[in-house]
Structure formats: C-alpha cells, structure tokens
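This document opens with one chain alone, in structure tokens, the form predicted on its own.
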C-alpha cells in the first residue's frame, strides 16, 4: 500500500530539513564572503560574529539590557491585549459599536508610529513610558482587527441555536462569542507581540 507524501513522518515532510539546509548554506556563504572581504566593517566574518555572540551571553550588561527590553515588550503587549481584545469583541458583536468606533480606530491606526514619538515623550517623559506606549500602540490595532474578524467569522447558526434554547445575551457572549473568537484573539496576540519587538526604540 502506497503512502501519500503528506503522511510521511520525519523532518522532510514539514520542511524543517530544508530550513536547516538553507541556514547552513547561508552560513557557508557568509563565511566565504566575510573572509574574502577586506573591509570587515561592511561585512564582518562569520567566526567573529559567533564569538561576539557567545561573549554577549556572558555579559551582565547586555543581559540586563535584554531583560529591560523584554519587560517593556511584555508590558506594552499586555496593555495592547487588555485594551484591544475587549474593544474588538465589542465591535465584532455589536454593529452599532462597530459603526461608532470604526472612524476613530481607522483614523488613529493610519498614523505612523514614529509620528507619536514626540507626543509620547511629552506625555510620559523619558524612560520606559514612551517605549511601552509605542509598543502598546502598534499592537492594539492588530488585536482589535483580528478580534473583530474572529467574532464575525463565527457561524451564525451557533447564535441561533443558543437563542432557540433560551440563552440570554450574556450567555451567548460567554458560551458562543468568547470560545469562538479565541483562535483569532491568539493570532492577533502573536502578531501584536511581533510588532512590539519592531517598535522597541
């Protein structure tokens, strides 16, 4: 009996082996190009970067700065999640809320994040405040949009079935909207934390 390609076990079936081959090939190209380049400010050698990486792992100053950055990203992401998810649930479930809030959400999310830097410094001063604000700002709209889409993608038959069984609005939200929107909320959170890393300044 023949085995289909999508059921073949092992790393080849999910592409991990190909990723490893590409990574090794890129490192080899880097090694050769770096050793043939005379100006190492343009392209440092592969071995020097590897040595610097392992030295950084033992540097208390770098580890401390990494911990500070991690704290800022997680704090900003927490704000984005706690603000964006409820607003997205409200806008996804209520057409009236969606129509009322959409103009403000769409207007604010079109502004480049760097344009908020001066205002963030004025509002929060120097330190963690502006960075946390910018991380939260970039992530909150991703959370809102993904949550709205998740709620609106729930099959309407689930609403009808819940209401036909006598469920109240709160019970519909608790038993239909929240469980059905979890995948979209988690996807929005994953994208938001990625955008948060890009907003660290």
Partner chain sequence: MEKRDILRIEQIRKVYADKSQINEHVVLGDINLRVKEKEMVCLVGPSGCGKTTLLTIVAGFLQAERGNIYINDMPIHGPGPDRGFVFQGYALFPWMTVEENILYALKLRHAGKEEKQNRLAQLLKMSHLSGNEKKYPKELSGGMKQRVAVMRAIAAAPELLLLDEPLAAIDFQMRQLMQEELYTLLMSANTTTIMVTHDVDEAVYMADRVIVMSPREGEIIADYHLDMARPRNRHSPKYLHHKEQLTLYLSESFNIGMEHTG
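Positions refer to the first chain, counted from 1. Just so we're clear, the structure is a prediction, and the values are computed from it rather than from any experiment.
The protein also exists as the form predicted in complex with the partner chain; that form is not presented, and the subsequent description refers to it.
- Mapping the unseen interface onto this chain, residue 171 counts among the residues with a heavy atom inside 4.5 Å of the partner chain in the predicted bound form.
- Proximity of residue 40 to the partner chain in the predicted bound form: non-hydrogen atoms within 4.5 Å are absent; the residue sits far from the partner.
- Put simply, residue 163 is close to the partner chain in the predicted bound form: some heavy atom of it is within 4.5 Å.
- Among heavy atoms of residue 176, some come within 4.5 Å of the partner chain in the predicted bound form.
- You can rule out all but one of 24-32, 150-158, 136-144, 52-60: in the predicted bound form, only 150-158 has residues with a heavy atom within 4.5 Å of the partner chain.
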